[in-house]
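We begin with a single chain expressed as structure tokens, specifically the form predicted alone.
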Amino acid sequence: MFLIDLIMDIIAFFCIYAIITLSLNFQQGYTGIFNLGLYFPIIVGAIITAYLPGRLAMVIYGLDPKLDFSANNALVLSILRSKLSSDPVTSIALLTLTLAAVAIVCYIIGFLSSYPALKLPADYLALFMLCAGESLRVIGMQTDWLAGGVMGITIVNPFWWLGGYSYYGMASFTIISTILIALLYHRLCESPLGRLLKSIRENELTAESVGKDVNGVKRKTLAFSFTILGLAGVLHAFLMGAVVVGGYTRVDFSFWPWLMMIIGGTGNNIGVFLGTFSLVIMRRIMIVGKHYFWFLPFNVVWFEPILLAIMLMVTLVFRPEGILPERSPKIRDYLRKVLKLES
């Protein structure tokens, strides 16, 4: 049973990071938007998940309004669990409403934040997003009523009605969601829009000279990516069963996805999957077998960021294009012509 739980845990967290890294690849790999603040919309999604479904459930079941979901978290959750365990319709409705609310809020935030961000050079844009994410993280940590503050808050599980298999239900939903999001990104990247994004990445002036609204395309790209990243925050929060805003650090939810994309191959979604899977496996092994690193001359908790820096330097020096570099359209079109002639 432990092995099954470990495999499901690895697959679920691979799915979360796959969504994040695909969104990063859509911004940086295809459009050339340098964004270091990936965890900004992820935190938005997590905070809304901490705040909204539990309070909605309290209203639906008519709980005493004097009970505060944050201050009386354990008591309220025990009551809600007994009710939601026998009410799958309400549970799925809460999940759907949370996803819809996060999608709308994150799209609006992404669209509005793109106005000042896109007026800045690439480096400043990245720092702007990084500062926005760090500011929201600090606000979430210092606001108890929002998401439990520093200590965090336990949230409802939309699959309590599955009993002891509730985690498997949430993990399965995460896997299905990841497949749908990956297919959506694939269709977008292989469509004329994907070619437009690459043209903007390569030369913005050329794209503007043929009548393309470069800033408009970038604005929509950021808004769409923010929406998907916000949904990743929802899925991660429900998988964990709790939200601790302080845990959404720039290392775990911005820098690691960057390394996954660089190792896998920028501008190649399949390469992104490979890079994400390899690093998720490595990190899970480190977490499960951390007691085997007793020989390190420092605390093992610092081994991950040190390893991140080493792997990033080695990759940039010896394999800057990643495991699977971006495919050349010219070669692909040439092969198609040859195969068509031969057939």
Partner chain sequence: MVPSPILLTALVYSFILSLLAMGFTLQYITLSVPNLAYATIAFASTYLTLTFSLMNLSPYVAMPFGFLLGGAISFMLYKFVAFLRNRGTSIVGLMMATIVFDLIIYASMNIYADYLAYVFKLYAGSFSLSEFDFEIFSFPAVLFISGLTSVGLVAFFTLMLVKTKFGVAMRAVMENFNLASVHGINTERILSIAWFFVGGTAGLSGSLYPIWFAMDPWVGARMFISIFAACVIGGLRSIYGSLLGGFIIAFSEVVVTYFLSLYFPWIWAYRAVTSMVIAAFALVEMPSGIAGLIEKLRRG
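Note that the coordinates shown come from a computational prediction; the quantities given were computed from them, not determined experimentally. Numbering follows the first chain given and starts at 1.
From this point on, the text means the form predicted in complex with the partner chain, which you will not see here.
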### Query
Looking at Leu67, Ile281, Ala309, Ile287, which is the one with a non-hydrogen atom within 4.5 Å of the partner chain in the predicted bound form?
Ala309
### Query
Which listed residue (Lys119, Arg187, Lys212, Arg195) meets the criterion of a heavy atom within 4.5 Å of the partner chain in the predicted bound form?
Lys119
### Query
Heavy atoms within 4.5 Å of the partner chain in the predicted bound form: which stretch among 43-51, 273-281, 311-319, 59-67?
311-319
### Query
Is Ser191 close to the partner chain in the predicted bound form, meaning a heavy atom pair under 4.5 Å apart or at it?
no
### Task
Answer with yes or no whether Glu202 is in contact with the partner chain in the predicted bound form, where contact means some heavy atom within 4.5 Å.
no
### Query
Would Ile79 sit within 4.5 Å of the partner chain in the predicted bound form, counting heavy atoms only?
no
### Message
So in the predicted bound form, is the partner chain close enough to Glu208 to count as touching (4.5 Å, heavy atoms)?
### Response
no
### Query
Can we say Leu36, Phe128 and Val138 each have a non-hydrogen atom within 4.5 Å of the partner chain in the predicted bound form?
yes
### Message
For the stretch 244-271, I need every residue with any heavy atom inside 4.5 Å of the partner chain in the predicted bound form, listed N to C.
### Response
Thr249, Arg250, Val251, Phe255, Trp258, Ile262
